[in-house]
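What follows is one chain in C-alpha cells, specifically the form predicted on its own.
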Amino acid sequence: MLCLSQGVGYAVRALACLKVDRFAFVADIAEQAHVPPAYLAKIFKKLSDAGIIESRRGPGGGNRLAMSSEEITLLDIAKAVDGPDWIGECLFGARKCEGPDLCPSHVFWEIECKRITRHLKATTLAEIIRMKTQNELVR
C-alpha cells in the first residue's frame, strides 16, 4: 500500500493549525498538532524554503501560511517535505527501471503515479481542514 511519508502527514497536521494572518511558534503548533517539536522545526524549514509558510524570528515572529489554504495542495506539501522525487520511479525501488531492465510493474506504476499526482494536486489544504473540522463535530 502506498502512503505519504510520516513527515508529509506531520506537515499537513501542522499546516492545518496555521493561519495566513497570524504567526505561531513551532512549539505551540507542535503541541496542537501532536508532532515532535524538533522534527516539526525541520519540516517547517523545508516548507519555508518552498514558499508554503513564512517564518519570522524574534518577538511577534513565528510561522504562518504564506498563502491561502485554498492555494496549497497536498502535492505542494509532499514535494516540499520529501523532495521532487517523493513518489519514486519504481514500485520496487529498482535503481534502473528502464529499457530492457523494466520491472514487471513498470507500466502499472507509471500510470498510478500520474493518477496519484493528479489527485494530490487537486486536493487542497483547505479541504483537509474542512474534513478535520467535520470529523471533530461528529465526535
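Sequential numbering from 1, following the sequence displayed. Please read all numbers here as calculations on a predicted model, not as lab measurements.
The same protein also exists as the form predicted together with the DNA; that form is not shown, yet it is the one meant from here on.
Distance check, Cys17 to the DNA in the model of the complex, heavy atom within 4.5 Å: So Cys17 does not count as contacting the DNA.
Contact flag, Pro104 vs the DNA in the model of the complex, heavy atom cut 4.5 Å: No - in the model of the complex, heavy atoms of Pro104 and the DNA never come within 4.5 Å of each other.
Heavy atom of Gln6 within 4.5 Å of the DNA in the model of the complex: Heavy-atom contact with the DNA at 4.5 Å: present for Gln6.
In the model of the complex, Gly58 touching the DNA (heavy atom, 4.5 Å): Because a heavy atom of Gly58 falls inside 4.5 Å of the DNA in the model of the complex, the answer is yes.
Listed residue that, although the DNA is not shown, lies within 4.5 Å of it in the model of the complex (heavy atoms), from Val12, Ala24, Ile129, Ile116: Selected residue: Ala24.
4.5 Å heavy atom contact with the DNA in the model of the complex for all of Gly88, Lys96 and Ile111: Result no, not one residue of the spot touches the DNA.
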